[in-house]
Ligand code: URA
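Here we start with a single chain on its own, the form predicted on its own, put down as structure tokens.
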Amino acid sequence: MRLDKLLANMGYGSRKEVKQLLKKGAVQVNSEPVKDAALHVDPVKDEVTILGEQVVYKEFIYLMLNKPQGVISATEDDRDRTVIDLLIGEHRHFEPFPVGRLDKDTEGLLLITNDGKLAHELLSPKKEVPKTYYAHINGRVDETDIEKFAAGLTLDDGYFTKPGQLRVLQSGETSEIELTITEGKFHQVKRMFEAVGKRVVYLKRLSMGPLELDSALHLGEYRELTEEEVAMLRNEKG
């Protein structure tokens, strides 16, 4: 990889700005000053520093976001704030995207990455990656609903869902539930409850496969996944 491309990809400026750094002697490769922007380096084996700071090469980034309401799961939008707008420039320059989507009024776990292969595998219907949601339901959710969800439900467009695992945390005029499904149809959780005559009034995703929402993340906050979390996701999609 060209040295100027490596530095630009790692967020040290545009190609033009990187060349200025090179001219000033700010860049070293394996402890030797380098001014040639076209020099080819191995980002894994060669040690590259700028003003003494080591450049840590990353091809992919994996971010866990606690998505707030009012933000859409998209990379750009003319009207609404997107989940990418919540990222700092250091992460945004990797051009990441949300893996799947959460509705505008839904909170919780959203994976953001630039690893297209992993994203495709996690979203593939064949993989049946489980996703768990916490919700407030307008209406009393009972054992009958649990059985209906376990058998699969017919949605408003005639689609018959795969079985869902419904757990009632509190039953009343407003019920609290957890639901695990292995699909990601448009508004699926809301439509499944509509199919049994009830309405979702609050929805939050708690997990996706083995990845669980970090309870330390406030709404709108995010962090990079640990190596262990990335490894778990790769095992999930495999």
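This one's a predicted model, so the numbers in the text were calculated from it and none came from an experiment. Counting begins at 1, following the sequence as shown.
Keep in mind that the form predicted in complex with uracil is missing from the display, and what follows is about it.
Between uracil and the residues V71, V141, L102, I112, the one pair within 4.5 Å by heavy atoms in the predicted complex involves L102. Between the options V189, V55, M208, V27, the residue in contact with uracil in the predicted complex by a heavy atom within 4.5 angstroms is V189.
Uracil in the predicted complex is approached by L203, whose closest heavy atom lies within 4.5 angstroms of it. Put simply, T106 is close to uracil in the predicted complex: some heavy atom of it is within 4.5 Å.
When uracil is considered in the predicted complex, Y133 lines it closely, a heavy atom lying within 4.5 Å.
Partner proximity in the predicted complex, defined as non-hydrogen atoms within 4.5 angstroms of uracil, places exactly one of 208-216, 181-189, 33-41, 57-65 at the interface: 181-189.
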